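Before any questions on binding or motion, here is one chain by itself as structure tokens, the form predicted on its own.
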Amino acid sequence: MKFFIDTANLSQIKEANELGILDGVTTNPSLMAKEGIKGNDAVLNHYRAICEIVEGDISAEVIATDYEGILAEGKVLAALHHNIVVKVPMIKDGIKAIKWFTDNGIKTNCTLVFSAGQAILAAKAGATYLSPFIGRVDDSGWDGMLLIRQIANIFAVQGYKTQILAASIRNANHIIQCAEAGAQVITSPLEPILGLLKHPLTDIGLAKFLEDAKKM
């Protein structure tokens, strides 16, 4: 399973990359705004900076919601760097745009996926990735992990090549459950990724080793 970090914070991206396990980055307008990145030129330059840090797929999200606008923005984003993946919303014009991007060799990430039906449409259009938002599904009273398993089963039966990129990760256990459920990729803030390192018995064992080492 690939690990992406979901942030626009360059320091956190560098920290995750230095672990040696980072495969890519996802961003969105909200994450850009959180870092104070404003204006089209600043956003494009920030994507370039991310691409210089990480050798892997970098999802860059379009703002437009109409077909022509999505195509125009996507072409600009894709031209920034060969690792850019155009992030497109799960809407009618988004599916049409994903099909065009696929036919023209541009990688895509279909975002804001909340159902298996939406996932099927994204896969049929040829999306490279699709992003089910499991945390938000849980918040709505449904089971986000059940959705991942359902999509994974459908894709296995039908032979779809689109990769399931589980998003809206809230904790380290979400990451483990996604691996069990068949997601090929997770995208997470830094904290849940670092949370995988932690276990109280590891801390206790290390403290004992260090104590014994002092006696040698």
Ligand code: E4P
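From 1 onward, residues are counted along the sequence shown. What you are looking at is a predicted structure, and each value in this text was computed from that prediction instead of being measured.
Omitted from view is the form predicted together with ligand E4P, to which the following refers.
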Seen with ligand E4P overlaid from its pose in the predicted bound form, and using a 2.4 Å cut-off to backbone or C-beta atoms, this pocket is open
Of the candidate stretches 116-124, 72-80, 89-97, 130-138, the one with residues having heavy atoms within 4.5 Å of ligand E4P in the predicted bound form is 130-138
The one residue among 58, 151, 167, 178 placing a heavy atom within 4.5 Å of ligand E4P in the predicted bound form is 167
Practice task
Answer yes if any heavy atom of residue 163 is within 4.5 Å of a heavy atom of ligand E4P in the predicted bound form; otherwise answer no.
Solution key: no
Taking ligand E4P in the predicted bound form and a 4.5 Å non-hydrogen atom cutoff, the residues of 19-50 making contact are 26, 28
